[in-house]
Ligand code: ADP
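In the block that follows, a single chain appears as structure tokens, in the form predicted on its own.
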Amino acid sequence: MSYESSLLESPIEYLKGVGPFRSEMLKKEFGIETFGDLLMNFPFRYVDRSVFHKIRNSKEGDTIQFIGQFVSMEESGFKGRKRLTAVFQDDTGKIDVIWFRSTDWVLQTIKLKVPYVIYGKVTRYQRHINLAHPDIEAYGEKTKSRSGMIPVYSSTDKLSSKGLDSRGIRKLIQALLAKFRISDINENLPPYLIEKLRFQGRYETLRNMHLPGDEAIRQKAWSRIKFEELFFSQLQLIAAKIQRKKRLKGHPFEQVGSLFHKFYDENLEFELTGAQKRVMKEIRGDLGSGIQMNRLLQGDVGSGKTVIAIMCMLIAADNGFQCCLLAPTEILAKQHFNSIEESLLNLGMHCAFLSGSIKGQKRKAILKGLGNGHIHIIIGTHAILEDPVIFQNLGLAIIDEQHRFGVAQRARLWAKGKTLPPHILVMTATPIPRTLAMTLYGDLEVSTIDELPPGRKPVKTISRKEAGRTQVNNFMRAEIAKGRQVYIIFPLIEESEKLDLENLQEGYERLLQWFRQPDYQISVVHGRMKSHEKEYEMQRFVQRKTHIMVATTVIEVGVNIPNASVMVIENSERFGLSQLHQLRGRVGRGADQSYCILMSGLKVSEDGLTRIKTMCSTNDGFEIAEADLRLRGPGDVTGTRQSGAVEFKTVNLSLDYKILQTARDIAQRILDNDPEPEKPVHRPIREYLARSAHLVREWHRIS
């Protein structure tokens, strides 16, 4: 074991100032267990403490520091609700300084008419500006000579109560850095790469992450750390792709036969878009290669992914193989089944539908048909993954809205292939930003349908507050009078289905005042209903027996009713951008002009306003996905927060695309020339992977 690894792996309790109690708290709050963990606990911002301001020039909202003296202190309130107010003065004016806690400590420590430096955010109470709980230090030679960039670290109330606020953590890291020398920190990048990218050495980089001398030095350090994070993640993803292509053979679909051509010539009622043709060419290349296809197909709502899925199924059938299509909900799976079965009517194909609600003799017949090959295509929910479902020769598995299926579930699909795993096509109608696709799905091939079918009218999106309710209701009546239908969506409160139901019920009762029976019929769909009840209400809406569907977000994905032209989303500020875009995609599927009306409350957060403005300004799903990434972060955008997605310490995927692209290109070139990597020049990479348990686990798994 090298000195570096032994020092970095030292338990954090052995660092001066920590001890057993604090070490346990650091572990619980931040997962910091070793010296190395603390060293990689980077600041979330820096404060330039080299500049001093004058009180006279300060204004509300400034975060600044002053040099001056406390000239008075006064305590008020009673036990448990004490408040200490001091007056701080420089040669230009005075400012109030307020403490609501630790007042005894302040009274014992702070001296009047002695020079201090105070630092904090200027706020206003009534007509006076003030600082609440500022940083305070005695003014002296040390203050005059210190560097400007002071790191600020994340903390928690529990850690702060034990002296481990940002300043306390800063002291620990300074003590830790004092233990290291240049020779103690090994490089993890080859020398030629450090020189080419003009990086600082790794020891210097880590020091400058915590103690940068100025902004230029800070930026250089952050650039290298960001590159490292992205480079090693891309190295693993690309290696996974290389290894899979070496090991995972696939059924060669060598012919595009009569079924495909008959469908294309006779059943296809419209010309494919250029994007669909390009994607189909990419998939056909995969299917004929003899290597298992693992491809992500992403396309905006209504871009025509289902047609691509059907044509892929027909290529499989032309080569004598069965297919399955897996959807996350019974409603969506049933809709896929109805659509695909209708598309294949004259081709002699046998399709079946399977979900948890299919039981008894009907289920037995489906299982038998899959086992003897009579059923060519099975469409359904998670029920397809169950052990009794055995295929004669599964060759292609399509997963819709793939982020809703876990890794273990996808692995069970692989096992359904008898001699070789089936080809895998995963589809999503949630556009994925380029940076996210490269980090989450960098081991997959990615195809994008970035063109809508001709003739589609963009959905007009407007926002309205409660004051516009009458206008909105009159507009819905006018659309219904034209023979159209309306969705009204209420937000899903995951923590409380009961509140969900109450919210929806209240909205439903309010609607009845405007849309009375028998002139208007209303369907209601929510998460607490049984599957057959949901299906019944959905079918009433599909068959135009009801004019309005009141629902929670159970209709978010996949529901296809071309006659619905209006989508009203209640409390729209509580939805994420991608979810709003998905919901809007339920309308605009017919020839009529469609509308999405975003209702919002009186008080809307800044992020909520940004989401609403974004929705009103664009219909481009990829533009919306980029905005969502900026607002929420990668895990929330894709629902991968709990599914093993890479979580970066320093990278901002919405801003660091160029670094990501550089890291991926370099990782690709290295692995093209040195797949393991084994060459002496790449020894730092190999040794770093061996030292880094969280990385080496993945490396072993894929290689």
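In case it trips you up, residue 1 is the first one in the sequence shown, and so on. Worth saying up front: this structure is predicted, and the values here are computed from it rather than measured.
Separately, the form predicted together with adenosine-5'-diphosphate (ADP) exists; it is not shown, and the next lines address it.
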statement: Partner contact check in the predicted bound form: of 190-198, 265-273, 358-366, 217-225, the stretch with a heavy atom within 4.5 Å of adenosine-5'-diphosphate (ADP) is 265-273
query: With adenosine-5'-diphosphate (ADP) left out of view, which of 584, 526, 305, 295 would have a heavy atom within 4.5 Å of it in the predicted bound form?
result: 305
- prompt: Between the options 376, 589, 484, 210, which residue brings a heavy atom to within 4.5 Å of adenosine-5'-diphosphate (ADP) in the predicted bound form?
  reply: 589
field: is_contact(residue 626, adenosine-5'-diphosphate (ADP)) in the predicted bound form, heavy atom dist at most 4.5 Å
entry: no
Contact test in the predicted bound form: residue 168 vs adenosine-5'-diphosphate (ADP), heavy atoms, 4.5 Å: no
query: Is there a non-hydrogen atom of residue 83 within 4.5 angstroms of a non-hydrogen atom of adenosine-5'-diphosphate (ADP) in the predicted bound form?
result: no
Partner contact for residue 330 in the predicted bound form: adenosine-5'-diphosphate (ADP), 4.5 angstroms, heavy atom: no
- prompt: In sequence order, which positions of 13-38 have a non-hydrogen atom within 4.5 Å of adenosine-5'-diphosphate (ADP) in the predicted bound form?
  reply: none
